[in-house]
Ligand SMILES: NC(=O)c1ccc[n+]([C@@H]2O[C@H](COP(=O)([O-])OP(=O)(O)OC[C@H]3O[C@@H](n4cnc5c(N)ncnc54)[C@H](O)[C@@H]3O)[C@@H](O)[C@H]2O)c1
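Shown here is one chain on its own, the form predicted on its own, set out as structure tokens.
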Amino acid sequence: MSKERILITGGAGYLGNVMTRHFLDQGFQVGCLDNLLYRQDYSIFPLAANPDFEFIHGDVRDKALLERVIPRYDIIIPLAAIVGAPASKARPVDTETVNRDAIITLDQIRSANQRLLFPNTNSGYGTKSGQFECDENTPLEPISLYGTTKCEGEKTLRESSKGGVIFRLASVFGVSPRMRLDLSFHSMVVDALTKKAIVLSEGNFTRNYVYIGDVAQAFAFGIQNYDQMNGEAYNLGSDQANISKNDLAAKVAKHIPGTQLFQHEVERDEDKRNYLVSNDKLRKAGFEAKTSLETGIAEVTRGVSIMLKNNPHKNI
């Protein structure tokens, strides 16, 4: 029996690196399409030893490339994106053309029998209305360009006759071969280790978090249960990880003794998201993210401690 083939765009990125390895371990053939924007070739170089791994150097905005590559795969996971409010604000054109326009092109090219699993962000809720508790029926009211373009990508796929499974991801944490230290969870650990201090702005804001390994497993679950989940959106986070920035920082400080917490009296959070997200729909479908924040803090602390022996910012 031939192996199923998965195309992961952005497969050399923070999440893509972990997901690529996960699916190779699960016995799939994996194609990684990435432009190596962050020079992260080092992170996927070891995978060249695996005959089931294929690297495709290119940009997801290259329509001719997509037309050649996409038909060869059974499953498509479009991870390539400009991620986060600060990065999107700094690169608005790239954000719109990668996060939205490339998804439109991909949907035009793919066939109806190709399964697609799309990662949106739960920052799409935005909650301009002030709604605090969110589930999949909560209106999408993105605040940032990042949230807006990802939600536009989701809209394209949900309106497509070809179907797809949507995961609205919580803020991801955990170690990856292409590590990101700019993620809020990780930056707290970096500051605790290097400065023995974490400075918070609007620390009462509540966010939802999810472990990177749980995300990979959720996508695998989505492939296994694609027919039942097709056409639906699911929040992908941990109910145990709905937590304020203050409380998360306190957990980091407990793990790294001597860390002090401070509130910034002037600075305000540019991405004003404050909500409690329900992951009940995905749990009822049969999957639950279970890795705790404490486990993640310990893992990231070990990883960052190694990076600090060299240059902690070289692969942000």
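From 1 onward, residues are counted along the sequence shown. What you see is a predicted model, and the numbers here were worked out from it, not measured in a lab.
The same protein has a further form, the form predicted together with this ligand, not shown here; the description that follows concerns it.
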Contacting member of Ser238, Ser171, Ser244, Gln217, with respect to this ligand in the predicted bound form [4.5 Å, heavy atom]: Ser171
Answer with one of Ser278, Thr259, Gln40, Gln29: the residue that has a non-hydrogen atom within 4.5 Å of this ligand in the predicted bound form. Gln40
Using a 4.5 Å heavy atom cut-off, indicate which stretch of 158 to 166, 143 to 151, 109 to 117, 224 to 232 touches this ligand in the predicted bound form. 143 to 151
Verify the contact flag for Arg100: yes if a non-hydrogen atom of it lies within 4.5 Å of a non-hydrogen atom of this ligand in the predicted bound form, no if not. no
So in the predicted bound form, is this ligand close enough to Val175 to count as touching (4.5 Å, heavy atoms)? no
Can you work out whether Asn35 and this ligand are in contact in the predicted bound form, taking contact to mean some heavy atom pair no more than 4.5 Å apart? yes
Is there any non-hydrogen atom of Leu15 lying within 4.5 Å of this ligand in the predicted bound form? yes
Does each of Ala192, Gly213 and Ala298 have at least one heavy atom within 4.5 Å of this ligand in the predicted bound form? no
